[in-house]
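Shown here is one chain on its own, the form predicted alone, set out as structure tokens.
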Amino acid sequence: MKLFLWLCISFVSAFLNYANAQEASIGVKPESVGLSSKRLQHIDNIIDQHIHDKKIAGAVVLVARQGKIAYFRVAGLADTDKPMQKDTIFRIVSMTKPLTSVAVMLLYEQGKLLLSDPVSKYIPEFKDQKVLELQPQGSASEYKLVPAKREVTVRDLLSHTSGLLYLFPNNYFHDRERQLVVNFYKEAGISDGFCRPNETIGDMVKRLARLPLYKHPGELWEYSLASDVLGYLVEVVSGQPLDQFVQAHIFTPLKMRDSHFFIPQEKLDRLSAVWKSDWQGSLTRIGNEPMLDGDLALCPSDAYALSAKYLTGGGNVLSTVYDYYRFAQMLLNKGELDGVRLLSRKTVELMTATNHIGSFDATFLHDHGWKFGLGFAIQQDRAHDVDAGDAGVYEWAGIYSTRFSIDPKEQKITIFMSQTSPFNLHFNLWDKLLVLSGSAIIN
């Protein structure tokens, strides 16, 4: 009987994988959606050149327009002994954040929370927070802790204006206040990453909530651990573990069949390796050991991809290009895909077309001129260094060099996935991909 059940499960899994691959292969002639086949071939050339020069091992690129996939290409290696495939699974890391933001907004639409709610309403440890302030030189103490001017709200977490930090940008920004707050984080065992086999995200969030804020809530845009807090917030409000909530309310309705917080054993051979590149021709496969990028602890290991209990709203999900395309198309369709509505049009506009950070700029991934919605960076205009397309384009990325962009005006989605570190070295390639996908528009 056990053998029979195992064979049945294996058959169903294989069938679903085949069906997913067949569905993902469906595309249209680019000209039918106003794109030039010839111009899209420039993407082939630039990706192939980067592989030839050993800057990346491989990549998958997708361009869709008007709800149809017009370009879907794989190139190079997923691992030393296997080529990239359309259904290769990637660690999308911070591209988890938009998924977590949607999970929060699902609860918002169910009337279970308001964006103006103080986080302490759901996570009491956020009550009576303090902010670290430097003291004048010569004072008895280098800093003091002062009461926050107001409480951190759900909106602050979604827009990264909470006063929280990540540890790893401290390697690049060296102001003393930041260093002191990061020291508090380190002493409390706070981690940016998810190599945390012996605790839950709730354990970490509760410790984080008791530590000093970097700035008063609402007074600075700062990319941070806010999405990890949001992931735990989803658990508290919904009464479900984050992975179960996202599976039931996002992955299953959108038929994102290859998206998981921890992937099934039978899909492990589709998981891409992670590669370290100096972008000068030295390309090395990273093994199963945890990898440190400054203070950011990353887990490329197969064992961690399979099972753990530390569910981060900021970086846990593994997915495919096609699955993420379905999520992006739902957003571009104002909350609906294939007859299934996840969010209302008004909520998607609140998330992706509304600036929630005022006069601040969201400059972690971008230059000045980019704002931030509720989980997404938004291009305000085209008058700055890197042109991602029309005003209103929104996007985000993952630290292993995965990225997506949604252009509502042109009804265009561009997705790039590799597994390459360090993250910042792919920026120039991504900028060129956006230029190429945009210049392929012919009508």
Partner chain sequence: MKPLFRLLQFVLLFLLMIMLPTWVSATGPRIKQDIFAPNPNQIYALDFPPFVTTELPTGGIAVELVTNLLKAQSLDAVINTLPVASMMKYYLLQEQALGLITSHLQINKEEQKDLIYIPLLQIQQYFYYFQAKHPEGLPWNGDLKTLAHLSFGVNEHENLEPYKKAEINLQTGKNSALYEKLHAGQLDFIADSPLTVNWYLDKHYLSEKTQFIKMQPKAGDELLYLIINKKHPQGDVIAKQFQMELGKMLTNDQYNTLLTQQLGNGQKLTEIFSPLPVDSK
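From a predicted model like this one, the values you see are computed outputs, not experimental measurements. Positions refer to the first chain, counted from 1.
Omitted here: the form predicted in complex with its partner chain. The next part is about that form.
Colleague: So in the model of the complex, does Glu199 come within 4.5 Å of its partner chain, heavy atom to heavy atom?
Modeller: So Glu199 counts as contacting its partner chain.
Colleague: Does its partner chain come within 4.5 Å of any heavy atom of Gln265 in the model of the complex?
Modeller: No, Gln265 sits far enough from its partner chain in the model of the complex that none of its heavy atoms falls within 4.5 Å.
Colleague: Taking the shortest heavy atom distance, is Glu177 within 4.5 Å of its partner chain in the model of the complex?
Modeller: Looking in the model of the complex, residue contacts with its partner chain do not include Glu177, since no heavy atom lies within 4.5 Å.
Colleague: Answer yes if any heavy atom of Phe184 is within 4.5 Å of a heavy atom of its partner chain in the model of the complex; otherwise answer no.
Modeller: Yes - in the model of the complex, heavy atoms of Phe184 and its partner chain come within 4.5 Å of each other.
Colleague: Is it true that Asp258, Asp338 and Thr354, all three, sit within 4.5 Å of its partner chain in the model of the complex, judged by heavy atoms?
Modeller: The answer is no; none of Asp258, Asp338 and Thr354 reaches its partner chain.
Colleague: Where, among 149 to 157, 217 to 225, 96 to 104, 268 to 276, do residues come within 4.5 Å of its partner chain in the model of the complex by heavy atom distance?
Modeller: Selected stretch: 149 to 157.
Colleague: Which residue, Glu349, Glu109, Asp128, Asp367, is the contact with its partner chain in the model of the complex, using a 4.5 Å heavy atom cutoff?
Modeller: None of the others qualify; the residue that does is Asp128.
Colleague: Heavy atom within 4.5 Å of its partner chain in the model of the complex: which of Gly287, Gly281, Gly189, Pro83 fits that? Just give me the one.
Modeller: For this set of options, the contacting one is Gly189.
Colleague: For 251 to 269: residues with a non-hydrogen atom within 4.5 angstroms of its partner chain in the model of the complex?
Modeller: Heavy-atom contacts to its partner chain in the model of the complex: nothing from 251 to 269.
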